[in-house]
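Listed next as structure tokens is one chain, alone, in the form predicted on its own.
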């Protein structure tokens, strides 16, 4: 038994539960084909291939610790200043940095009860309390969240679109929320899936940064751009907030290949267009499939769909695994009878429908 002095919060810390890996399932069940629709990865693969970037990387040199080239490219697209951007080893690392800046054992965060678990995780690592507000119609209840804010609240985390329900708060709803939020409380708006949202309803959070200095917007290259393995994300905020984050940012936290891949990914307009087309087409197909089975689901503004099974999701997903289909049971999100299905290619969905129907009949 280890006889070391550790932080008390470790006893109650719940670690992030990742999706199952294709290699593990192939080996476990001796399968030749496995389709993974569990982790919201881009089914078309990466927007940037290794050959496009490896010759421009001096592997013996440390990365540019500020990621200037990528910040400039992002700033140009978003019509903000590079000083309003900081990059991270995935947006998860940026959440960790925010917890280091704003949280301690006397502080708390407010978020939803069915949302991305890393918000609670990073708060717990600082000894901070997490106040969870129930979703309303599977959407963030912004009024109830405001009511839950108290003198201990330092951060409010809102996933928009929400993971795992795929629901969206509108631009007007976000702005009204910021109008009412105390100025000493920071809103962290996690827009990991925002590029998939319909343009007619998509909030333009970057336009609110100069009006609301207590707003931080997080985005990632893992989803639309298909660069999950590179671990690249970024935060947008008031320049003073960015300076605070930079104080705790580890030096060289993002590697050179990730920075270069990010710059090139922003140029891949055809890949982006095709990814959005495949997502929308697959979404409509899955809606029809779930309608035929008379299953309840949420209309999604992301690249996944939330589906209620009215039976044990874990048991159902375990049966699907035996046939080579990886889905995400939402037990860890507090929804033991619901699943999340990543929208895949046509061939992915052919496989999905065959396996799903077979297991559903059992």
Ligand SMILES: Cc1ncc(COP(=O)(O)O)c(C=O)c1O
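In this text, all values refer to a predicted model and were calculated from it rather than measured experimentally. Positions refer to the first chain, counted from 1.
The discussion below concerns the form predicted in complex with the ligand, not included here.
Across the options 189-197, 248-256, 141-149, 203-211, residues that bring heavy atoms within 4.5 Å of the ligand in the predicted complex belong to 189-197. Residues 309, 329 and 352 are none of them found to lie within 4.5 Å of the ligand in the predicted complex, as judged by heavy atom distances. The contact residue chosen from 154, 279, 163, 99 relative to the ligand in the predicted complex is 163, the criterion being a non-hydrogen atom within 4.5 angstroms. Residue-level contacts in the predicted complex: of 107, 268, 231, 132, one residue has a heavy atom within 4.5 Å of the ligand, and it is 231. Using a 4.5 angstroms threshold between heavy atoms, residue 167 stays clear of the ligand in the predicted complex.
At least one heavy atom of residue 116 is located within 4.5 Å of the ligand in the predicted complex. A residue is said to contact a partner when one of its heavy atoms sits within 4.5 Å of a partner heavy atom; residue 220 meets this definition for the ligand in the predicted complex. Using a 4.5 Å cutoff between non-hydrogen atoms, residue 275 does not count as a contact of the ligand in the predicted complex. In the predicted complex, the ligand lies within 4.5 angstroms of at least one heavy atom of each of the following residues of 74-109: 90, 91, 92, 95, in sequence order.
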